[in-house]
Each structure stands twice: as C-alpha cells, then as structure tokens.
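Shown here is one chain on its own, the form predicted alone, set out as structure tokens.
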C-alpha cells in the first residue's frame, strides 16, 4: 500500500510534538549536538540500526560533534509522510542515551 503525503497542516501539527525538528524544504530535519566525536559516531550507528528496522533511511551526516538527519519518503514522490515522523520519533527516543541535545 502506498504511503500518502501529509498535508502542510498535518506536518505543522506533528512537528509541535517533536521539538528540535523542522521542515527544511521538502524534508524533516534535525541536527543533534553531542559531547564528543565518539558519542556522535555511536549515535550514527544506533540511528542506522533503527533505519534498517524501519526499512526507511534518512540522509545521515556525522560531524565532529554533531549528527544531522534529513528525511522524506521517496515512494511518495519525496513528500513527508507518517514514515518520516515515525523515524524522527524513534531517533528522538534514542538520542538522550547518547547525550544528544
């Protein structure tokens, strides 16, 4: 079953539930800051595992002490869908274990 794009209002309403996340163009995006490069690298590995579990993958960028994600749903023509919010929520749920803010 195809994933349906969310309306602009649905995206705005759901973003209120995910502090730190925003709409950047046609993608949900967030950058986390961590204490060390090692902590950031560990978080990237954890995010990659979550993405594989969901079979939904973001652009994931490792900086010295940052982890940045940007995601939309290719199967929905590059629109934001429930799948993107599910991934964002799962990433938020693991971020604190890595000391991310």
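Given the structure is predicted, the values throughout are model-derived calculations rather than measurements. Positions refer to the first chain, counted from 1.
Quick note: we don't show the form predicted in complex with a small molecule, though the next part is all about it.
Asker: Taking the small molecule as it sits in the model of the complex, is residue 74 near enough to touch it, meaning that at least one heavy atom pair lies within 4.5 angstroms?
Answerer: Contact check for residue 74: yes, within 4.5 Å of the small molecule in the model of the complex.
Asker: Is residue 30 near the small molecule? Define near as a heavy atom within 4.5 Å, in the model of the complex.
Answerer: No, no contact at 4.5 Å.
Asker: I'd like to know if residue 83 sits close to the small molecule in the model of the complex, meaning any non-hydrogen atom pair within 4.5 angstroms.
Answerer: Result yes; residue 83 sits at the interface with the small molecule in the model of the complex.
Asker: Residue-level contact is defined here as any heavy atom of the residue lying within 4.5 Å of the small molecule in the model of the complex; does residue 57 satisfy this criterion?
Answerer: Looking in the model of the complex, residue contacts with the small molecule include residue 57, since a heavy atom lies within 4.5 Å.
Asker: Based on heavy atom distances of at most 4.5 Å to the small molecule in the model of the complex, which listed stretch, 5-13, 89-97, 75-83, 18-26, is the contact stretch?
Answerer: Comparing against the small molecule in the model of the complex, the contact stretch is 75-83.
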